[in-house]
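Have a look below at one chain only, the form predicted on its own, in structure tokens format.
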Amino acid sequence: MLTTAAALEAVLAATPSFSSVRVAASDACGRVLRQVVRAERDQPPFDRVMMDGIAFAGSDYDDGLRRFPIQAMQAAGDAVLVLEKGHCIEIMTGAAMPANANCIVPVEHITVADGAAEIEAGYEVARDRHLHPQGSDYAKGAYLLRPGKRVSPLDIAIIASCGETEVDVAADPVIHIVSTGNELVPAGMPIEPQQIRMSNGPAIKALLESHGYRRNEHTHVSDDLDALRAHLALHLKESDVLVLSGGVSMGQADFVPQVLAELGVETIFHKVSQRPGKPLWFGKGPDGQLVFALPGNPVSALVCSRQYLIPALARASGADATPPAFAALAARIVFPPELTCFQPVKLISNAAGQALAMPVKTNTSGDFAALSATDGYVELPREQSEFPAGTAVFLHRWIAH
């Protein structure tokens, strides 16, 4: 069996690049940028006033003036006024600094009477205080966003500030999720005592959406060879990525690997030395489609989706590589099998500000209810069997941060 590292390497090596599409900037959040976004203008584009108050010339102040006739008022968005000698201009936060002015005194330190503003006694005036200088954030033409950045709400502000109404992003792949099994019944439908509710498909779909992949469809097919063959043939043709849940172990009704081979899907690997998720199957379709056949146990399916499917989609989208995250174990773990252990954890912190991973026990890999209390899982290498509290381990969050 492949190690987990070798399995992930094989998945990424087989992953093609998605094409680029141009979308409205308002629709780009969560998508992977495929272009440079450059500054349209200096930011701020003028010397921006940061306080309500008065603006005047420091030279007049040096000459002893403390009471200034008010020449005019200039608000944010107003054309820049030219200050007359010996006068002040009332200014508002966000306004451009009047020409010839270089001092600002906030409104709380002045009194206004008879058309003049007087600075309170003892207030210390300084040139360019309360001023946001032109270009001090960045200069016109500066590279603000680069290809590979997953667009956040904060990036939308940058894109808008650069005057862009559309941007190039990675195309959303068409992902089809297929749950297999006679025992599965969707929510809202009558159910027999021997059956179980369908949960893997909806959970995988939600996981994909939480990572920015929205063009997902979920269907169900029974453990019937002919039905499975027809169902997978249809969705393989329509998909960029096909994700199956169940039917990959060694049981007599585990037809998935056989049917995929009949449909021309190349097997890249089957089984990985890990727990949970050992039966994982991965291959590539005749038109380059990625095919992930996940174990049917819910914990296994979700761990494999997060460990292999999400990184493959990020690679295909051209997303920047995510730096590894670490946490220290909050409790001792003993795991004797010579397998990589993916242990669900709840994140806590100590008084020193250290991130701690508290193991959360699952009652077999079918206990998906226990995952609700977790933030992700840690990766415990196969070469060890005992992991004392305080051991630094790789951390994989369910949802990207």
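What you are looking at is a predicted structure, and each value in this text was computed from that prediction instead of being measured. Note that residue numbering begins at 1 and tracks the sequence as displayed.
Not on display, but discussed next: the form predicted together with a small molecule.
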So the small molecule isn't shown here. In the predicted bound form, which residue out of 237, 132, 214, 197 has a non-hydrogen atom within 4.5 Å of it? 197
Find the only residue in 295, 318, 311, 173 having a heavy atom within 4.5 Å of the small molecule in the predicted bound form. 295
Within 4.5 Å of the small molecule in the predicted bound form, do 274, 277 and 341 each have at least one heavy atom? no
So in the predicted bound form, is the small molecule close enough to residue 184 to count as touching (4.5 Å, heavy atoms)? yes
Should residue 247 be classed as touching the small molecule in the predicted bound form when contacts are defined as heavy atoms within 4.5 Å? yes
Using a 4.5 Å heavy atom cut-off, which of 74-82, 297-305, 88-96, 163-171 contacts the small molecule in the predicted bound form? 297-305
